[in-house]
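Consider the single chain below, provided in structure tokens and representing the form predicted alone.
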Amino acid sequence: MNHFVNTSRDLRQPEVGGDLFISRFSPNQTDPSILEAISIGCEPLLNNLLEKISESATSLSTHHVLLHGPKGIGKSHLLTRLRHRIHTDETLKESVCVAWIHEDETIASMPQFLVKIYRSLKKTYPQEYSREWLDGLLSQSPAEVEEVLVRRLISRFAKRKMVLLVENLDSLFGNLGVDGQRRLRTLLQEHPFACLIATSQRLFAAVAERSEPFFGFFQPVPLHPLSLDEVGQLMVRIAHLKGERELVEFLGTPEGRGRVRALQGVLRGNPREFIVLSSFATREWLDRLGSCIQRLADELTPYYQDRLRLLSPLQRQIVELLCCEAGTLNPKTISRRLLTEQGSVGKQLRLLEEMGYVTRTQRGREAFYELCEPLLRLACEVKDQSRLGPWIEFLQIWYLPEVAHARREARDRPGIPRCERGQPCESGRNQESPAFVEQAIDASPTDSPTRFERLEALWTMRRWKEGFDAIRDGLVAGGGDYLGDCAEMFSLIFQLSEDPDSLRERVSTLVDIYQQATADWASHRPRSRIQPWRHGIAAQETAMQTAKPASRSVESAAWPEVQTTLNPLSHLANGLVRSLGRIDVARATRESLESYVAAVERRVTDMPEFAVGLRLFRPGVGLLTSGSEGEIATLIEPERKILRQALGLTDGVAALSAE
């Protein structure tokens, strides 16, 4: 069953095939039937807008709506569908006319605005509006042009209504100035012939502040990023239209859902970016997740380059600096890096925030800035595989559905009760009982859950060497199937170590074991199944292209059909972050937590597999102990999201296996 398919709608649209055209930046150039087929999550809003327009067409009332959200969130897509619905509705098309002022139209005055409206009406309704009449009018003064066009529009829409679609309303209002805005509001209030449906990237001063002309004029409607299910539905629908049946089936599997979850962790549910990705996505491309994101960033790089050219030199320098940083930066650091006065940097950061380029996170009185659009950062990071590769690998492992399932199974299974430092458990059974330990050791030692019970029992009895030997045996005997519950291993080492020295030694031993397994697996795994994590994404793509399908022999039968990166050290780094959610804050002291952080940092610093995990670990401990989001203000939003999941502050990865 494909969990991404929306049961409220049907996917029986005709398959278009590989030449499916969906415009990335101009949805009005896309076949409306295709837009309808791939639209996700906005049907209630669209119906509400149509109801408002229908009500306005039959009464003296008018409704004015401002749709706001970041670039690529679907504003133009929604306006295109709205216009199409109006033109195909037998009732509305007789009582309503649509004029559309597109985002690429530059307007500097009220007369120019009225001329643009008239030309839009002329383009859509050529029999009703005369180009010759307008050309003759333009020989008069701007004031006369405005006066005549106002009279003409009021007269034309005495018995009909105009739906005026305006993109980038903030830019238009900025160019009109306060005087132009006042004249426009007066016109629309005294002569309610038009419903204004506008878009902007944010709520801006001209509509949000009481002293401004359009305060209280619009009903603001925020547009939100796509949820995980909505992203999956979008990709399924586009794959269906392209005739990619194999991809449709794959997206319905736990592995496919994990891939989509990882992509959402990078792209934050931006519809435009997923539409671009879906234009080239196949089953093979999603298997090569790093290459998939790399190509997506490359596809959109010219778009971002054009946008950067519109910024001032200092604004562009700030954006480029944030692109190249692993985390967020405060104005003081930015000014120091750019050799510029902090006051100038602060002013430009505020402007960039208003324009939708950066977003701010507060830590007390201090502000930290990052880019709003993840792909703007990725467009820079694709040139630096040392940063992009580890982050993608971390996400790919983090969202493995098998990991979530193992965690849930371990939590719900009536096995050995969890205890603290060998204390009696709630069940009344003491894990230090030799008979209990022997029972755990003897029971199905090749079964993964039981294998961990043996480890836990041995460590509870302070038989540390035997426990570490059990981990080694599991990694060797598992043949690629067994990676262990790394989070619980870190958790037990932290809970059961008596002092900082033993904690440091046991963390180091655990890392040593997984480091050796990494080397062993890379040298012994069949070539066709190797994920060459040591050589970056480009090498991974080459290996995937040249690999021959492995025969389903006894030797290869244990390998899952969809192979993911199985670098043991990378799984251990994921487990380190997950272990934060298993710390009993009520019992752990600040000193013990600091010893934990120090033991980990001492052993894994400069190990590429731990680059992401280590960057999250110390801020995660800070968030865990203080409960303040300010502790993670220096991390970018996708990383903050990971930590919230690890600590159970939001719906985490356990939801992946809920179905």
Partner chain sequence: MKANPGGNLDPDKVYGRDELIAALWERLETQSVLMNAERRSGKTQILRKMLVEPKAGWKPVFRDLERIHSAQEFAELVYDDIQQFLGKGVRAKNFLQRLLEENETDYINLKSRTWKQLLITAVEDLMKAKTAEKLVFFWDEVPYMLESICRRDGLQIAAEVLDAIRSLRVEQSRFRLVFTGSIGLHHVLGKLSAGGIPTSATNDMYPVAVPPLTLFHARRLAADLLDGERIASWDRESAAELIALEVDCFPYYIHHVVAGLRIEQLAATEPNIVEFVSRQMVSSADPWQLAHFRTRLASYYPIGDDARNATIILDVLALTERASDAMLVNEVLDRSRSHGAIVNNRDDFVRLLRLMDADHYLSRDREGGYRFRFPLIRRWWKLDRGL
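Numbering follows the first chain given and starts at 1. Being a predicted model, the structure only gives us computed values, none of them experimental.
Note that the form predicted in complex with its partner chain isn't included here; everything after this is about it.
Contact here is defined as any heavy atom lying within 4.5 Å of its partner chain in the predicted complex, and by that definition not a single one of 324, 332 and 605 is a contact residue. Note on the partner interface in the predicted complex: the residue among 488, 229, 255, 212 having a heavy atom within 4.5 angstroms of its partner chain is 212.
The partner is absent here; in the predicted complex, the one residue of 305, 508, 342, 186 having a heavy atom within 4.5 Å of its partner chain is 186. Residues placing heavy atoms within 4.5 Å of its partner chain in the predicted complex fall in a single listed stretch, namely 190 to 198, out of 190 to 198, 281 to 289, 491 to 499, 245 to 253. Residue 312 falls outside the set of residues with a heavy atom inside 4.5 Å of its partner chain in the predicted complex. In the predicted complex, its partner chain stays beyond 4.5 Å of every heavy atom belonging to residue 33. Proximity of residue 364 to its partner chain in the predicted complex: non-hydrogen atoms within 4.5 Å are absent; the residue sits far from the partner.
Its partner chain is not shown here, and in the predicted complex it never comes within 4.5 Å of any heavy atom of residue 615.
With contact defined as any non-hydrogen atom lying within 4.5 angstroms of its partner chain in the predicted complex, the contacting residues in 208 to 235 are 208, 209, 210, 211, 212, 213, 215, 216, 217, 218, 219, 220, 221, given in sequence order.
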